[in-house]
Every structure is written in structure tokens, then in C-alpha cells.
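Shown here is one chain on its own, the form predicted on its own, set out as C-alpha cells.
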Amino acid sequence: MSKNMVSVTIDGRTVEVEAGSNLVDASLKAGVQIPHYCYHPKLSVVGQCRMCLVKIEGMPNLQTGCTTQIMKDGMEVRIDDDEVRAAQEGMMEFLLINHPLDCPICDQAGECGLQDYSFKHGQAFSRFSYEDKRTYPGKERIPLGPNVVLNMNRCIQCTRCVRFTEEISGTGELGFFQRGSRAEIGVFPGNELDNPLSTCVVDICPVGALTSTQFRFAERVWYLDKKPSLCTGCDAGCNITLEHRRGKIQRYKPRANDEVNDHWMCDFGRTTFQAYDEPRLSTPKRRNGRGEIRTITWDEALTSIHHSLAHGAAMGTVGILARGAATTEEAYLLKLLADSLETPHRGGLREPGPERLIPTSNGGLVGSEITPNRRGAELAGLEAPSSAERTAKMLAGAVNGAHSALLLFDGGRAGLDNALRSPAALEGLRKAETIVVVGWATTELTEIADIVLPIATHAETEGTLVNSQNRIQKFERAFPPPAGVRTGVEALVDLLRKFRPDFAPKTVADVFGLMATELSALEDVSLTELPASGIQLPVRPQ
């Protein structure tokens, strides 16, 4: 046993935990849940909701699990106990004295801690009169800021939100006002809850007191399908849960990863799925001799692209540029395509953006580029020019000739360097004999393209991204792409087979496996074995 590990027995299950762990965290390791409201693993411990009372052998009274640290071997704890159950039922009765029984109209229903614990740890009656409930007239819908609404009648005063603004965001807008039974949460006079992480207080509110203006009454949560994914708003790579109904994304919520973003994400990142409301590309298209863009089949499109790129490589120049949101596997296939064409004009994209800071227990996570996988593209072999000017210079070299061809792996309006969409840049690109755009949205680039391939969005595919810490992480497909649309990997594999008929990989996992055989940083790693927390890669010089 390690020096820093101690053993504890909870309901007959003995586990080893790090010395100093509290009983709430230790119980999870033992597969036992201690109910709690005010405790959160990333906030200070206040022990005020009293739901986590447990019986500890040798102690005369029940103890709060969140404030009890395990410092030495041999502690024996009982949760499945009549005295503990009676205490939990009593605390639930206290909490429900004043809480409105409005679950059918509450936006938190289906993910409410009070609702869940009421069924699991409460009782079916109350000894208190319903008519004597305390209410806060006129405080059912208080905007605390642009993203958060407070219903004071539902608040159980756990103070998680107050501690978050004091300890995590460091902005301190929220506080307790009044005293005793009239105590209430609010913002200090002259302030509003408007910090970059403000919606995190909605995530940690265990009841329906705080709701998000973005999601409020948008959808009942039990209708939502949820998939682990990654935010693509910047290169921080925050872990998220993507929640959708029938392919319509309703919200992003932070997913806990102590190695990356702890339990938090920024308000900007939560809104980035709205970009998918842009007009979609649904079928391959090709411009005819009269300059008209017409729908064609996938095979016709891939054959035309093969001929154009091969002709450019033989008679002129070929350029390949990947969007900043291309997955590492897509970037690797583009690199193989560039190898097949033997073109030096290849690259990813690097575009700086506003700095976004996520405070974490590891010192903080910073995103400073709007190209979320620039490092993944570089890992795969597509170096990103250090500035928009150098990108333009690289492209100018690629279109310098009568038989030049250009393949742009686009990513919607937010995914490709804005400098490339200026009238002057578009005019420069137009000098190429053939422009191929592979993307999911109609943009300025698709309007000047000769051939367009529709591919899946980030939500409709799977793969890996490398974040600002140089950590490679995987994400899952949330829902399938529309009919007629292929994933980027499927489209590029089919295109590569036009040049290399023996090219064997078919799936994202196959491509990752092929990439891992070439890159020492991924040696002996498969996509299925990539841990949920990701793998830290050697940090490259910037």
C-alpha cells in the first residue's frame, strides 16, 4: 500500500483512497452514493445541507461525510443504516417545507437533485402545513445577468453558486442577503452575473433555482440524447456532453475531466453549436462549362477531383489546405493525399482569437486560437503557417500556374481563416484552374468552387483533436449525417483510393491505427484504447 493511501470500509466495502479524501468522494470509489447538495468536489466544503450524514464506528453522533476526512486506516462507515435513513428523511422534510411542488412546470425536472433525492431518500408525507410555505413574491424570474435566471422560491440555499463566483470565476457577483428564513441569493447592487463562466452556476445548482436563458424551456431533458464530445469554440478542448433531440443540438454542458477543464466551460463555447444552423451542403456539385453549378453523384465528383488534382500535379501545381477544425485523422488523410500528389503546397490553418481562460485545479486552461485542432493537423503532418499572410503566400504559390488545382477542406464560416474570405483573397484563389471545396456549409468559398463535396459536421462524425495543452482527446458521433452526406474520413478515403487503389483503411479507427504506426507519440495506442481523459503528447515549440 502506498504511503499516501489509506483504507476505509463503507457499508462493508473496503477501498483504498488517498489520505485526506472525504467520505463523499471515497463512497463513490466504493460504489456507494452519499446524498449531498452543498458539496462539490471543486468548491470549498461548508457542510451546511446536512444530507451527507453518516454513522462512523466509534463516534457517538452522525457525522457529515463532506467534512470528514479519512486520515488513517480502519475507518468503518455505515450509510445503509436506520439512523442514517431517518436523518436523511428528516433533512428532506426540512428542505421541502418551503420548496414549491411545481415539478411538472420546472425546467430542472428530470435532472433535479431535490426531485431525485425526494424519491430515494425522502418520505411520502410532511408534518408541516402547506399553507405556511415561505415564498418570495415577485422573485420567480429574476435575470441575474444575460445568461442566468433566478427563481428564489426554488432555492435551497446550498451556496454552490456563491462559492463558484468567489472561488472559480473570481468575480464575486453573488451573495446572501437578509437573515434566517428570509435569506436569499442575489447579485450585489450595481452588478450583474456577467462573467465568461456565468452559466456554470446553472450546471452546479442542484435544483431549478438557476436556469439558463439559452436552454430555458427549450426541451424536456428526458427527450435528449447525450454523447461525450469536445468543444470546438477554441483550442482549449473542453470536454462536453453534446445533447440533442433527433439531430437538433439543444445544448453543450461541461463534462468533468480533471486533466483538462475540471467541471467548467465558458459561455462562448456553449453557443458554438449555433453555427450549425448555417445553410448545409447536401449533395456533391460541379460547375459546368456555362459556369452553372449542378448536382452530381459522389462517384462523378470523386472522379472529377481525381482528374483535376492529377492533372494539376502533372502539368502545374496543387495546393491542399485543411480547416482548423479538421480532425487529426482527416488531416492525416490530407497529408497522404498531398504525398500522393507530391506537392509541397500543403498546410493547416492557424488563426488567433480572444484568450479564453478556464480556471482549473491544475493551474488553468487557456484557449487562444479559433482553430481548435491546429496542433492535431501539425501532428498529422500538415504544418500551419504562422500567420494569415504566410497562408496567403502558400496559396499564392499553389495557384501560380495555368493548370493549378486547389483543395480546401472547409469548416463553415467559423472554421477557415477569415482573411481567405476577403474579396482580394477570393480573387487570388480564383486564379486556380480548379477549386475543390470539401465542407458542410455554404460559404464564400463554395460559391467560387468548381467542385463541392458535402461532409459531416463535428457532431456527425468521430475522431480526435489536440488541444492547447498538446493533449490528444477523442470524441464520439452524436447522430448520423443527413442522407447524401459523408464524413470527412469517408470522403477522403474514397478519394485516396482513386490514387492508391490498395489503400486499405475504412474507418476512423483504421486511420488512427495507420497514423499510430507512423507517429512515435501514438505508438502502441489505438483509438478504442485512448483514455477518456486523453493522452498528453510531447509539447512542441510554438
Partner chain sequence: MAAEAILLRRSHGATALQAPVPLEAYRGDGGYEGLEKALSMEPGDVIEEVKASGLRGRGGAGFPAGVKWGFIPKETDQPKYLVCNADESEPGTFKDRLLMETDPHQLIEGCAICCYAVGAHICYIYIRGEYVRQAEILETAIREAYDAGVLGDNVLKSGFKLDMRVHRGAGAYICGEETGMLESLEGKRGQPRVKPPFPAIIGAFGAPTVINNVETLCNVPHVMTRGAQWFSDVGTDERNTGPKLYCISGHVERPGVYEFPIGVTLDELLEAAGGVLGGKALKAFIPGGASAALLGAEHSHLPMDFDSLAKVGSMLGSAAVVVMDETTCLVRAVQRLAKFFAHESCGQCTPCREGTNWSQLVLGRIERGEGRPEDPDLLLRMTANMSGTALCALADACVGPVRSLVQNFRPEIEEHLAAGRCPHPYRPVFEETA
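Bear in mind the structure is a predicted one, so any value in this text is a computation, not a measurement. Positions refer to the first chain, counted from 1.
Same protein, other form: the form predicted together with the partner chain, not shown, and the subject of what follows.
**Q** Just to be sure I understand the contacts: of T297, S181, N288, Q274, which is the one whose heavy atoms reach within 4.5 angstroms of the partner chain in the predicted complex?
**A** Contact with the partner chain in the predicted complex is made by S181 alone.
**Q** Counting non-hydrogen atoms within 4.5 angstroms of the partner chain in the predicted complex, say which of G172, G353, P196, G90 makes the cut.
**A** By the 4.5 Å criterion, the partner-contacting residue is G90.
**Q** Looking at 480-488, 48-56, 499-507, 25-33, which lies within 4.5 angstroms of the partner chain in the predicted complex, counting heavy atoms?
**A** Of the stretches listed, the one contacting the partner is 48-56.
**Q** Give a yes/no on whether Q469 approaches the partner chain to within 4.5 Å in the predicted complex, heavy atoms considered.
**A** Output for Q469 is no: heavy atoms all beyond 4.5 Å of the partner chain.
**Q** Quick check on D132: any heavy atom within 4.5 Å of the partner chain in the predicted complex?
**A** Yes, D132 is a contact residue.
**Q** If we define contact as a non-hydrogen atom of the residue within 4.5 angstroms of the partner, is T446 a contact of the partner chain in the predicted complex?
**A** Although the partner chain is absent here, T446 would stay clear of it in the predicted complex, with no heavy atoms inside 4.5 Å.
**Q** Any of the heavy atoms of R127 lying within 4.5 Å of the partner chain in the predicted complex?
**A** R127: yes, in contact with the partner chain in the predicted complex.
**Q** Enumerate the residues of 63-79 that have a non-hydrogen atom within 4.5 Å of the partner chain in the predicted complex, in sequence order, or give none.
**A** Residue within 4.5 Å: T67 only.
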